[in-house]
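A single chain comes next, written as structure tokens; it is the form predicted alone.
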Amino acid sequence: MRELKILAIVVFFTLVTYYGVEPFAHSKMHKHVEGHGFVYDGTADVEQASDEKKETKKAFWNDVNEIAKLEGNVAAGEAGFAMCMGCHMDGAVAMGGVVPPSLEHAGALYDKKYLIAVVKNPAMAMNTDHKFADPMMHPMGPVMTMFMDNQSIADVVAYLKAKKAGEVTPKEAFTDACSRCHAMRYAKMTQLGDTPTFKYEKDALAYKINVLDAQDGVKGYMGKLPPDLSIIIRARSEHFLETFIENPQTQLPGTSMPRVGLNEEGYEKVKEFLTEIGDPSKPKREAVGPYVILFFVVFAFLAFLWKKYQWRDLH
């Protein structure tokens, strides 16, 4: 019993020291940010808005919520979607520094209200309206002239949710949501996609020049080149990634990074790919963990019995 009492005292003071210092330091260095479950109804935006913008944001998101109640016509939405393909197509050129994303999986990856908001006013939906005095100056601003009434917005979003919502792989989710700005060298991905292999060095150099041009475009739009995400899954906590992706302004006020509008399923796909690349040994580590703990429990028990045996004549 004496040994167990000593162990209990050591464990107690270790836990007091750890939980008394680490959480306190963490709370001072990083403010707590509440997530909203990847639901985009404007609540967070209105709460964070300055007094002069609060009413504008409230009116915008009230409109979004009203449009979400409309029943969209998929057939009519298909006709509207054809206009989107002028920019969102294979081989699309950069607009304002960033290549428009493919919309093949938009209905599966993105939240319905976010899609409505991004068609109605991209700068406001992405929560980067602080960068654009005129929302038409946003690279995607012209979409506001393509869908002028609420029903046409509801129709094109209904089409996306019905026809562009197939199965998405983790890599496809990352490509659509992140890779147009963020490289991932551990996955051999740049802002142009997967890095091909080249037979001749001149071809490799030509490709590298194209990558540098693409990165300059992103720098022009974002102000600086966004970080490589190869090990971001290990560098940041899950809560930070979740809240930052949901609304970058909460963790980094004034950032140029736009909200991408992932729903919860889309976020899980992106996280799965980040984990696959940044922490590939995690499944093996989690599988071995219980056996390691069991080993220490058995070892401690045997060590206790051995100590009792060796000291049996001394007490």
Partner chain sequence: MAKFDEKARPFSEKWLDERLAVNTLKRVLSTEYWIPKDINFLWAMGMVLAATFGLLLISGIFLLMYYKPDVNMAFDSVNYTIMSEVGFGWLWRHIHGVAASVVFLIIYIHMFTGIYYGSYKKGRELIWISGMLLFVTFSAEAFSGYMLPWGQMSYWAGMVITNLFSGGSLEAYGLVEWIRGDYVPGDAFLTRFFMLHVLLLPLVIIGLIVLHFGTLRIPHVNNQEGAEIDFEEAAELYKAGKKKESKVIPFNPVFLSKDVFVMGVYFILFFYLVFYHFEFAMDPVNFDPADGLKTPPHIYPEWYFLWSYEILRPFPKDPGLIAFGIAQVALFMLPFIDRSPNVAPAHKRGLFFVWFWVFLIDMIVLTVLGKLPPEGIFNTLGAVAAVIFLLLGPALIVITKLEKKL
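Residue numbers count along the first chain shown, from 1. Whichever C-alpha set is largest while still superposing within 1.5 Å between the two forms counts as the rigid core. Since this is a predicted model, take the numbers as computed values, not measurements.
Omitted here: the form predicted in complex with the partner chain. The next part is about that form.
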Problem set entry | Contact label in the predicted complex: Ile231 to the partner chain, heavy atom within 4.5 Å | yes
Exercise. Would Ala79 show up as a contact with the partner chain in the predicted complex if we use heavy atoms at 4.5 Å?
Worked result: no
Exercise. Is Ser281 one of the residues lying within 4.5 Å of the partner chain in the predicted complex, judged by heavy atom distances?
Worked result: yes
Exercise. Does the partner chain come within 4.5 Å of any heavy atom of Met144 in the predicted complex?
Worked result: no
Seminar exercise, completed: With the partner omitted here, the residue among Val211, Met83, Ala235, Val74 that in the predicted complex has a heavy atom within 4.5 Å of the partner chain is Ala235
Exercise. So which stretch, 235-243, 107-115, 197-205, 125-133, is the one near the partner chain in the predicted complex (non-hydrogen atoms, 4.5 Å)?
Worked result: 235-243
Exercise. Which residues in 8-27 have a heavy atom within 4.5 Å of the partner chain in the predicted complex?
Worked result: Ile9, Val10, Phe13, Thr14, Val16, Thr17, Tyr18, Gly20, Val21, Glu22, Phe24, Ala25, His26
Exercise. Relative to the superposed rigid core, does the CA atom of Pro290 travel 2 Å or more between the shown form and the other one?
Worked result: yes
